[in-house]
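Encoded as structure tokens, the following chain is the form predicted on its own, with no partner shown.
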Amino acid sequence: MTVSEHANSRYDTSMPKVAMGCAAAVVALLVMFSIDVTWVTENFGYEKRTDARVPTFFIRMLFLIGMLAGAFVAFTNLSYYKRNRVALAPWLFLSVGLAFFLIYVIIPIFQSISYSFTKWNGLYDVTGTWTGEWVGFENYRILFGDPNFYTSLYNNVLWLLLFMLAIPIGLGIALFLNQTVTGIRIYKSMFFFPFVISQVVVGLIFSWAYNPEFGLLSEIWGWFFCEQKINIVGNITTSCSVDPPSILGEAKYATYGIIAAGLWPQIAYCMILYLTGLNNVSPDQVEAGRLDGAKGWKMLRHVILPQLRPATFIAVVVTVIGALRSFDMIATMTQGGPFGSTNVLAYYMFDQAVGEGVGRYGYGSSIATILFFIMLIYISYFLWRMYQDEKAER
């Protein structure tokens, strides 16, 4: 065999390996779809179908991985891949993540949209048959006449507007911390600490702080409006000229109290973004600005902020998405109360589908669909802006 023939042969398709990989992928795929809870219950000795759900999931995942491995072997032994390895290798590495993204994100989105046209309680009958009923646009007709939906939508807008305060506050703290003084790292860690705390923990902390009987707010309130007295039996009692407000117990305060709790970690996140951006600010431009007499607000506006545009863009995107998908704080602090006044679309969807035993999966899916399209519009605009910025830099 000549050198040229040997060089060309290494690009030939290896048919045995391709056939083996395809066969393994097909078998794994068929087995994965054939395995269900009933099969696992009967063959692994489970007494209840509910106990077999988790093992069924892991068995399916095992065969899914086998299918991906077989497809990988088949594809990498094709002549087309061997000749275009540099261009195709990144997509090959991404394929596993894309496959899981397709299964656990894209497909459920379309399932949720399809469920929004049905009336379903989320249950199957004893034979495993779906019990839903196709109702067309009936859920959307009820939804657009539901005052709780408009309350949730209004609260989402309120979250969106007030959450934007995290950006200028985070910028201000970042500018304050962007100094080279002794102990500045300790202060940075303290300001960043709220971001690493779980949202549930943050909600609990603020719930205790808002408590009108023993919370931090009650203590501060007592400094101004309360005084301690000794009654006739010698016990110390507290008398207040104005009772402390119940932040989470009154509809007019509750939403603002939850948003304030959500702002605490969001400000920390924006601060980190701006601190990273400030580390990349060109010192030459700062020095040129000083030579031109710029200082203070002028320096910030004309020299610093233009270089922080990427950080600002990311901060705005993350803040908007966080405001639209807010759920943890409401679930932890008020569960949508009092009287549904703190509901947002994400929590109202959950509450209608599985919360409080409602079981209106179709109606909850219609709320999820509305929220999805709201976020889709914003994300599409975000991607368009990214494309335009990259196009302008070329």
Partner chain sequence: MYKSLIRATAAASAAALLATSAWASDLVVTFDDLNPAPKKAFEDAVEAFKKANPDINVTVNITDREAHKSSIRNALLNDAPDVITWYPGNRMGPFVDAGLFMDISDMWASDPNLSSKFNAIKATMTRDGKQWGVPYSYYQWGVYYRKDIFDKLGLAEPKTWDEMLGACDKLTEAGVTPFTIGTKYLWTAAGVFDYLNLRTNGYDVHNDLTAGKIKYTDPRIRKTFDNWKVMLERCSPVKNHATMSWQDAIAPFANGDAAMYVMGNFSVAGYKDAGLTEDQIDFFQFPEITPGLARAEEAPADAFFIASKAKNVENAKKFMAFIAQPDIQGEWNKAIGQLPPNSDAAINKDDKFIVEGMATLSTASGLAQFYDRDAPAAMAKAGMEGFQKFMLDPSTLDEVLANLDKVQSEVY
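Throughout, rigid core stands for the largest set of C-alpha atoms superposing within 1.5 Å between the two forms. Treat the numbers as computed from the prediction; the structure is a model and nothing was measured. Positions refer to the first chain, counted from 1.
The following text describes the form predicted in complex with the partner chain, which does not appear among the structures shown.
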With the partner chain left out here, work out from 116-124, 103-111, 312-320, 73-81 which stretch has heavy atoms within 4.5 Å of it in the model of the complex. 116-124
Indicate whether the partner chain has at least one heavy atom within 4.5 Å of a heavy atom of Asp351 in the model of the complex. yes
Glu219 within 4.5 Å of the partner chain in the model of the complex, heavy atoms: no
Using the partner position in the model of the complex, report whether Trp39 sits within 4.5 Å of the partner chain, counting heavy atoms only. yes
Can you tell me if Arg325 lies within 4.5 angstroms of the partner chain in the model of the complex, counting non-hydrogen atoms only? no
Tell me, which of Ala268, Ile259, Ala174, Leu248 has a heavy atom within 4.5 angstroms of the partner chain in the model of the complex? Leu248
Quick one: of Leu291, Leu161, Met190, Val233, which gets a non-hydrogen atom within 4.5 angstroms of the partner chain in the model of the complex? Val233
Partner contacts for 32-65, taking the partner chain in the model of the complex and a 4.5 Å heavy atom cut-off: Phe33, Ser34, Asp36, Trp39, Glu42, Lys48, Arg49, Thr50, Arg53
Compare the position of the CA of Phe44 between this form and the one not shown after a rigid core fit and state whether the shift reaches 2 Å. yes
Using a rigid core alignment, state whether the CA of Ala331 is displaced by 2 Å or more between this form and the one not shown. no
Examine Ala28 after superposing the rigid core and state whether its CA is displaced by 2 Å or more between this form and the one not shown. yes
